[in-house]
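Read the single chain below, which is given as structure tokens and is the form predicted on its own.
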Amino acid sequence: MNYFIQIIVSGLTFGAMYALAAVGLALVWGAFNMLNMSHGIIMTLGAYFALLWAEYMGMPLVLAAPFALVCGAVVGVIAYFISAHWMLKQKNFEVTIIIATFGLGMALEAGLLKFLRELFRTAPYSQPLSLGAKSFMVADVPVSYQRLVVWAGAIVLIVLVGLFLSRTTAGRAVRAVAQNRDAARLVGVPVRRIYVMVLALGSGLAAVSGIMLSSFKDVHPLMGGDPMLKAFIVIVLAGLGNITGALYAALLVGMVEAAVKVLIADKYGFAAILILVILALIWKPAGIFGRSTVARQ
């Protein structure tokens, strides 16, 4: 029974963090077929933005996450104008943008390391938004209050994204562009502005996901690589561009990883995720929740 509760608690925590990162990736892919390889460093920057706000600026902790979200969105806008804006009409955009954003991510990572060496240090920092080891017991299993904060934060942000896409004019414009960009342009939708907004939103979610990840571990410049890879696995498993599927896939990945770590060993968690995605893609090459054919206009 204790093992079952440990798996559920850890799986929900992993799933919540992966879901936020994966939803951002799925939004960008769904809007304009862009796979953002700088997503991981934006997650790292989100953790550092919160650290900067709370520790070095001395501002209220309650506003650290919103500050990081806004800063992450700004980084996303900058990333768009550095890379995607100039490449949208090129042939093989889906391939070339991967290379461009990969290079951008490496440049941002190098810049972050240089900044830290100059002003602070590259050693790990403690995330100020962490509640530490404070916890309560559920059937002899300690559940930290930090996990409750992560679950609540992920639910609130995902619900807000869902309401934005379904209830607002801008959200409906995003969906229209994802379905048929030329038709959306003909009815007056500012397509490029939608691209900027989507990348800003996805990057803002990545920044908050970075805060959640760093609240369980230390903040360090290379922390975004592993969770970015898992977020990619989630959207591939779900079907590229499928936001709802990404949520289910994130929970599935989180539960599988937690089960393997609790029942077998921590080091086999990532291997189990890889086996899961390989088997799933053999069964459904377009992803568990994806469609076999997608007509991109």
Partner chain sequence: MKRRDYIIFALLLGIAIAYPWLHPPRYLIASALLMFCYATVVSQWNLVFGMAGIFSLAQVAIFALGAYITAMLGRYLDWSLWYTFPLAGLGGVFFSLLIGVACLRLRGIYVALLTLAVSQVMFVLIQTDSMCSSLNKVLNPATCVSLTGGAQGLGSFGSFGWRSVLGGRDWIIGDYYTMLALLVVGLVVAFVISHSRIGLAFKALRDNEELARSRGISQFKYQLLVFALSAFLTAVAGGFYAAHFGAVGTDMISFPLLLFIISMLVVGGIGRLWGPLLGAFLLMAADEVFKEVSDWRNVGLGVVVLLFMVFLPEGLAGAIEKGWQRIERLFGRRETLGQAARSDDKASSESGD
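Treat the numbers as computed from the prediction; the structure is a model and nothing was measured. Residue numbers count along the first chain shown, from 1.
The form predicted together with the partner chain exists for this protein as well; it is not shown, and the discussion that follows is about that form.
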Query raised in the report: According to a 4.5 angstroms non-hydrogen atom cut-off, is K217 in contact with the partner chain in the model of the complex?
Result: no
Query - Heavy atom of F164 within 4.5 Å of the partner chain in the model of the complex - result: no
Query - V256: touches the partner chain in the model of the complex, heavy atom cutoff 4.5 angstroms - result: no
Query raised in the report: Looking at the partner-bound form in the model of the complex, is F232 within 4.5 Å of the partner chain by any heavy atom?
Result: yes
Query raised in the report: Should the three residues V141, A152 and L263 be counted as contacting the partner chain in the model of the complex, with contact defined as a heavy atom within 4.5 Å for each?
Result: no
Query raised in the report: In terms of non-hydrogen atoms within 4.5 angstroms, which of the given stretches 45 to 53, 245 to 253, 58 to 66, 29 to 37 touches the partner chain in the model of the complex?
Result: 29 to 37
Report summary line: The listed residue (V196, L157, V74, I82) that reaches within 4.5 Å of the partner chain in the model of the complex by any heavy atom is I82
Report summary line: Looking in the model of the complex, the residues of 267 to 282 with a heavy atom no more than 4.5 Å from the partner chain, listed in order, are K267, Y268, F270, A271, L274, V277, I278, L281, I282
